[in-house]
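Here you get one chain, nothing else, as structure tokens; it is the form predicted alone.
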Amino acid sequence: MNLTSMQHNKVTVSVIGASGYSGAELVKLLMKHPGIIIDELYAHTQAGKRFTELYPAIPCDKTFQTYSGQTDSDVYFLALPHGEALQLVPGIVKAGKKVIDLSGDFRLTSTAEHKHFYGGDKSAEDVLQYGMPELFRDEIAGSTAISNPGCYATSIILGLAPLFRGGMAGLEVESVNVTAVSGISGAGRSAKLELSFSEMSGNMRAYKVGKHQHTPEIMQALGTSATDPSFRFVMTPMIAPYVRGIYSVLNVRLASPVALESIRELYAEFYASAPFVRLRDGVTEVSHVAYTNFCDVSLAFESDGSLVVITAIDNLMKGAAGQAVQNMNLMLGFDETTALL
């Protein structure tokens, strides 16, 4: 399907798992996309309710349905809990439809790492093209099924990718120590006592230290693995009492000194054709990217020679729904930024 035909015949899109925060963000973006029509919204636990009952601020007139294998739409987004997409995606792909899956089910090539970090089994065939446009734009454009990156992974990979994939001669990373802070929406919409207002107001805490499921995804995208890493990697995820956004501070130890201006030039060149990555002169903030699909990057050096990379994204946009729509645009031949600016 080319862009000319789609301009006359809009693409039909359905969302499976549309009642969660990422699903609702997808609906909001798809409603303003000029090339698509929302077909169905599926949400098993909310079936029969109107979308506006859950999200009054988003004027979508659809009623949630139960998904039972329908393949009538041209494109399917899946925003389901980890493990559920493994059962659904093969049938949708077999029916000749395009798929963007927002879970971690199809990200990892290593079945052992998937089992260790996600706690479930999958076959070696359960891998889709990784959907990070800044790294795999051409591959995404030629794919029918995409595994959308995780939110922490997006913020950290985009902060490190030029160091590992930018081709600077003599540049070697010895270690990376990450502290990444997420807003509460990153934990999803289901009620949890530890995420209630009385527990989180004025509070902040680390979680999944040393075992976060995005660790192997990050390492894989950087050309190594969590089980046999080519550099030392430590990630400490944290949750803070704000709603949306991920703020990652990456302390990078380089094998030999490199001038900051050279690093800035490396990043600027690497992201020259990336419309949603912005290299900032000052220190970025979560508020700079909230409700947008941008990833802002700041660079500095510590007094001991360590490179400090700071990134900020909106976890529901660039970390989920926004990047998913960006991938859909590439798959369908739309301008990459459609409905995202």
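So that there is no doubt, residue numbering starts at 1 and follows the sequence shown. What you are looking at is a predicted structure, and each value in this text was computed from that prediction instead of being measured.
The protein also exists as the form predicted in complex with a further copy of the same chain; that form is not presented, and the subsequent description refers to it.
- Residues 14, 64 and 70 are none of them found to lie within 4.5 Å of a further copy of the same chain in the predicted bound form, as judged by heavy atom distances.
- Residues of just one listed stretch (153 to 161, 125 to 133, 171 to 179, 106 to 114) have heavy atoms within 4.5 Å of a further copy of the same chain in the predicted bound form: 171 to 179.
- At a distance threshold of 4.5 angstroms between non-hydrogen atoms, residue 210 is in contact with a further copy of the same chain in the predicted bound form.
- In the predicted bound form, a further copy of the same chain lies farther than 4.5 Å from every heavy atom of residue 94.
- Among heavy atoms of residue 39, none comes within 4.5 Å of a further copy of the same chain in the predicted bound form.
- Contact annotation: residue 87 falls outside 4.5 Å of a further copy of the same chain in the predicted bound form, judged by heavy atom distances.
- Of the candidates 141, 258, 184, 266, 184 is the one whose heavy atoms come within 4.5 Å of a further copy of the same chain in the predicted bound form; the others do not.
- Using a 4.5 Å cut-off on any heavy atom, the residues of 47 to 73 that reach a further copy of the same chain in the predicted bound form are, in sequence order, 56, 57, 59.
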